[in-house]
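Let's start with one chain on its own, the form predicted alone, as structure tokens.
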């Protein structure tokens, strides 16, 4: 006989699983019925959601520090730009080729770098991002330096192009959801459990027979692949890239989104990317004229308040609400 408690939780579990898909559908509908500017903002949020999902894989699931994922985003962005412009590849093929390049670079760089720990690893990955940034500036024959790379074709396949922001928004949201689905599948697999063991204690994980170095390298490569895809999507979405796009501001913004949504959670990176992208637009449209000059201060204050009152990120609000309801019922 099936327990009534188990039966009652099944509809709730099904509803919880379907909620992100419903939210994504509502997001697409809102973008399609709004102006092209709103669709662009939501498109940026989806791209950063992909980037932060990969960063979360390395930092949230594995417990490592990386300040250099922007380097792999630059590889993806410039790789797609060069392959589509100079070799005439389809955007999708260029994205896949750029992913391969980023994965190989992550393997070569990660093998010696991931032997470091703590702030030494953080500084080494930060240096990787700075080196890549300087290369994009100085190698003008390939990257056009500060002038940037323009004329990048939009997303498309077999000659069909997504010509406007709203069409591309649908594709970007689908890609972001697919990235989260892959991340969730890996998180709940044996591989993901090994990563969480490493995040808890590398010594204890090694004592259990887990090859810590190999798993850390695998997580680093997966994060690099996500970053490469995000960089490529940015290039095809905007049609223009420059070194500033993949600078330290990208690192700061991605960290903000990751902790705002909830590091180590499945949907946290996507939630954080969406909220961090929409708050400035809401403030720009709602603040009185006299306060618009201090918009950045208000934005930072909101972020600080969220991190103070919801330290585990916005994606944990559902579990906090359920815990509170349970406590009220028991009380």
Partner chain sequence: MLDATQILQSLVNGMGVGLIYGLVGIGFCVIYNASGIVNFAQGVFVMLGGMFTHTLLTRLGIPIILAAAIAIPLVAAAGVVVEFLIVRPMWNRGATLFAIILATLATQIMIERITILTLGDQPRTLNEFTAGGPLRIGGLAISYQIFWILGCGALLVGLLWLFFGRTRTGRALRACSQNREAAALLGVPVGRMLMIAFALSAALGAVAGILVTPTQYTAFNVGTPFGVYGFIAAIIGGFGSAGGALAGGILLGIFQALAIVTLGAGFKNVAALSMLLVVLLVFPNGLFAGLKGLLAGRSRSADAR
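Positions refer to the first chain, counted from 1. Computed from a predicted model, the values in this text were never measured in an experiment. The term rigid core refers to the most C-alpha atoms you can superpose between the two forms while keeping them within 1.5 Å.
Keep in mind that the form predicted in complex with its partner chain is not shown, yet the notes after this line are about it.
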| property | result |
| --- | --- |
| One residue of 121, 105, 99, 238 in contact with its partner chain, assessed in the predicted bound form (non-hydrogen atom, 4.5 angstroms) | 121 |
| 182, 127, 210, 142 - the one with a heavy atom within 4.5 Å of its partner chain in the predicted bound form | 127 |
| Candidate stretches 82-90, 129-137, 163-171, 211-219 - the one whose heavy atoms come within 4.5 Å of its partner chain in the predicted bound form | 129-137 |
| Residue contact check: residue 147 to its partner chain in the predicted bound form, 4.5 Å heavy atom | no |
| Distance check, residue 117 to its partner chain in the predicted bound form, heavy atom within 4.5 Å | yes |
| Residue 249, heavy atom within 4.5 angstroms of its partner chain in the predicted bound form | yes |
| Proximity of residue 276 to its partner chain in the predicted bound form, heavy atoms at 4.5 Å | no |
| C-alpha of residue 263 off by 2 Å or more between this form and the one not shown on rigid core | no |
| Core-superposed comparison between this form and the one not shown, residue 278 Cα displacement 2 Å or beyond | no |
| Displaced residue check between this form and the one not shown: residue 65, CA, 2 Å or over, core reference | no |
